[in-house]
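This document starts with one chain, in the form predicted alone, laid out as structure tokens.
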């Protein structure tokens, strides 16, 4: 690949697009980000605002431990920037995870976790990316299609969203589709004469209700994270993250259309029926300091670009355009960070020929583990639609025991959190030392129950 005026184009300025642009700036003279939203390009993280292109941006977001480490590698000093913007930091022992109905005992991971809002994180990353030499953004532009000649994508056709705008063609050596789960790339491939990727779907019908709440130091024993995971047969979950010294962001989550009414009373009623009382106790000792927001997420989807035999050169799908996870597990931004690192490795030789094949192969290994974790948990609900693995029941029983033993054994609890934070593969839970602790340990008694019928009036199904 010639370094003279090489140009990469990234479609979409969400976290995935920004992380792709960061890596591409190491390999191309120019990187242009095309985004349909109007972005506050000069806003600092403390002035971050929500935007239409991130419909779930008002809800609690997490960056998993391995994702945070990767972001800090890509943007040295990012954590300090976020702390200055109000982000809260604590090691794992300063967090509370109630999984399978059991509060996990935890050891320190050796580095702290960080809590902030999605707009704060995105604004900090966007500012760093746009400050890179050669990186620019075309905001308020729609992508009309790709320019394709002789088996290669050579650019994109765009149209400004302001009145009087004319169609333009941006020429580029590489186009990265980071437009999210609504990506039109499958249709564009068909229009160019290629087969679209096969698609896997798991219909979870997740509903969110979120608000900011007043935070007191006595809440959660001074900790910054409270997670009450859904545990079959109970389809409800909740999370509280300290996103400022005096502020919680609280999100209540329901599977299969189950949702909390967007009011303090509705959230209290919903949280009372979670698999543990901790979040209800927090909400009963606080009050909302913002309006309530709601949203839905119908299905997880994975487009199998890695299985394609033919694909145009000069083009790749990235992030949610390739795989969109159930957001309840907080995997999306971390996977995008790992994909960005893989993209950089694929470009390290300075050659774009065959990039799509190399990148999709690398991404398959990145996606397989979080996809299996999320889908395996989702399919524990009989009404969730999706292909079920043959040994799913056996694995479910083992994981139930892991979580029950993790209530008293910090090594087991921490081992599970290392897997869900994508620091270790799932096979780590089968290592001889962990397996022995799980099988020989004393499991806590289960207290799980379905949501109480008495609260049905304040929780609805959509």
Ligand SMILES: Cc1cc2nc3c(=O)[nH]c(=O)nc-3n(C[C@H](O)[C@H](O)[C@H](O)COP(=O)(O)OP(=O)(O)OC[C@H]3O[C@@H](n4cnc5c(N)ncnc54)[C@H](O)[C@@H]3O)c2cc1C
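From a predicted model like this one, the values you see are computed outputs, not experimental measurements. Residue numbers count along the first chain shown, from 1.
Keep in mind that the form predicted in complex with this ligand is not shown, yet the notes after this line are about it.
J.: Identify, from the list 338, 205, 141, 219, the residue with a heavy atom within 4.5 Å of this ligand in the predicted bound form.
T.: So the residue touching this ligand in the predicted bound form, by this definition, is 141.
J.: Within 4.5 Å of this ligand in the predicted bound form, heavy atoms considered, which of 213, 360, 297, 255?
T.: For this set of options, the contacting one is 297.
J.: Heavy atom to heavy atom, is residue 68 within 4.5 Å of this ligand in the predicted bound form?
T.: Output for residue 68 is no: heavy atoms all beyond 4.5 Å of this ligand.
J.: Residue-level question: is residue 434 within 4.5 Å of this ligand in the predicted bound form, judged on heavy atoms?
T.: Residue 434: no, not in contact with this ligand in the predicted bound form.
J.: Would residue 238 show up as a contact with this ligand in the predicted bound form if we use heavy atoms at 4.5 Å?
T.: Outside the cut-off, so no.
J.: So, residue 30 and this ligand: in the predicted bound form, are they within 4.5 Å at any heavy atom pair?
T.: Contact check for residue 30: no, nothing within 4.5 Å of this ligand in the predicted bound form.
J.: Quick one: in the predicted bound form, does every one of 60, 178 and 332 get a heavy atom within 4.5 Å of this ligand?
T.: Each of the three qualifies.
J.: Of the listed stretches (70-78, 311-319, 197-205, 363-371), which one has a non-hydrogen atom within 4.5 Å of this ligand in the predicted bound form?
T.: Stretch with heavy atoms near the partner: 311-319.
J.: For the stretch 91-107, return the residues whose heavy atoms include at least one within 4.5 Å of this ligand in the predicted bound form, in the order they occur.
T.: Read in sequence order, no residue approaches this ligand (within 4.5 Å, in the predicted bound form).
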